[in-house]
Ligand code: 13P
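So this first bit is one chain, no partners, the form predicted on its own, shown in structure tokens.
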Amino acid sequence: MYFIANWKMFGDIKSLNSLNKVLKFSRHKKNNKIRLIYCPPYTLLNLFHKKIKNSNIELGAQNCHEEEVSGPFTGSISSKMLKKIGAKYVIVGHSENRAIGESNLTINKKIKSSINTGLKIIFCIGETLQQRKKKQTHKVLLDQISKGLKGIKKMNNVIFAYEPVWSIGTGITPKANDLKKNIAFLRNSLLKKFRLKNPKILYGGSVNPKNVRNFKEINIIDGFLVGGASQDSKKFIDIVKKTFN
């Protein structure tokens, strides 16, 4: 089971102290079947890498530029730069980036450059509230994976995060039956279109210690991409514990 902490635009040097409890928690032998991944802002990547270097926690970034080599892209960071600083994962296609113009074509380029660099991809997909109301969820998901993964042959290093846009940060989560149907659709589509067997599919969108129990019965979920709740070490640990207890 994957538990990915997406800190978004949060955190400073003092925030590193919040890792102490999670580091201690990760050392328990009973936790050897879980993957804990932190995706802090770029400004904290190096400090995080040093902090978790000899632990079971892995490091990821929240995004990257589509070009893997150096170039005239002010304010951008390439997948190769992320790899060199110690990142093993990168989030690509998050709805907050799609909302400001990131296209499926750009996402496709980012995935390709990240795979070439040796990073593992956390590929975010999901429908908006308007698309959901129009019953276009499956159409949108198929379009996102078809265009986002076009021309990519090595997909063993791609993890999928289904995040309904209308659920992110709202406190509203999908009904269990709807979530089951959408994830089952994703699995079938990835098998038919890309011959991808047993893909890792996570859920993201307002996950917290109170509602995580609601997802327990959905045994086709391989973990969670956690936003705001992951910024609090106690809440993040509680999410992991309540997933299994």
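These numbers were taken from a predicted model, which means no experiment stands behind them. Residue numbers run from 1 along the displayed sequence.
Separately, the form predicted in complex with this ligand exists; it is not shown, and the next lines address it.
**Student:** Can you pick out, from I168, L141, I115, M81, the residue that has a heavy atom within 4.5 Å of this ligand in the predicted bound form?
**Tutor:** Only one option qualifies, and that one is I168.
**Student:** Would you check, heavy atoms only and a 4.5 Å threshold, whether G205 touches this ligand in the predicted bound form?
**Tutor:** G205: contacts this ligand in the predicted bound form.
**Student:** Spell out, yes or no, whether the shortest heavy atom distance between E163 and this ligand in the predicted bound form is within 4.5 Å.
**Tutor:** E163: yes, in contact with this ligand in the predicted bound form.
**Student:** Is there a heavy atom of G227 no more than 4.5 Å from a heavy atom of this ligand in the predicted bound form?
**Tutor:** Residue-level check for G227: yes, a contact with this ligand.
**Student:** Using the partner position in the predicted bound form, report whether E102 sits within 4.5 Å of this ligand, counting heavy atoms only.
**Tutor:** Flag for E102 set to no.
**Student:** Counting any heavy atom within 4.5 Å as contact, can you tell me which stretch out of 107-115, 129-137, 150-158, 94-102 lines this ligand in the predicted bound form?
**Tutor:** Selected range: 94-102.
**Student:** Do any residues of 1-25 have a non-hydrogen atom within 4.5 angstroms of this ligand in the predicted bound form? If so, which ones, in sequence order?
**Tutor:** Going through 1-25 in order - heavy atoms within 4.5 Å of this ligand in the predicted bound form - the hits are N6, K8.
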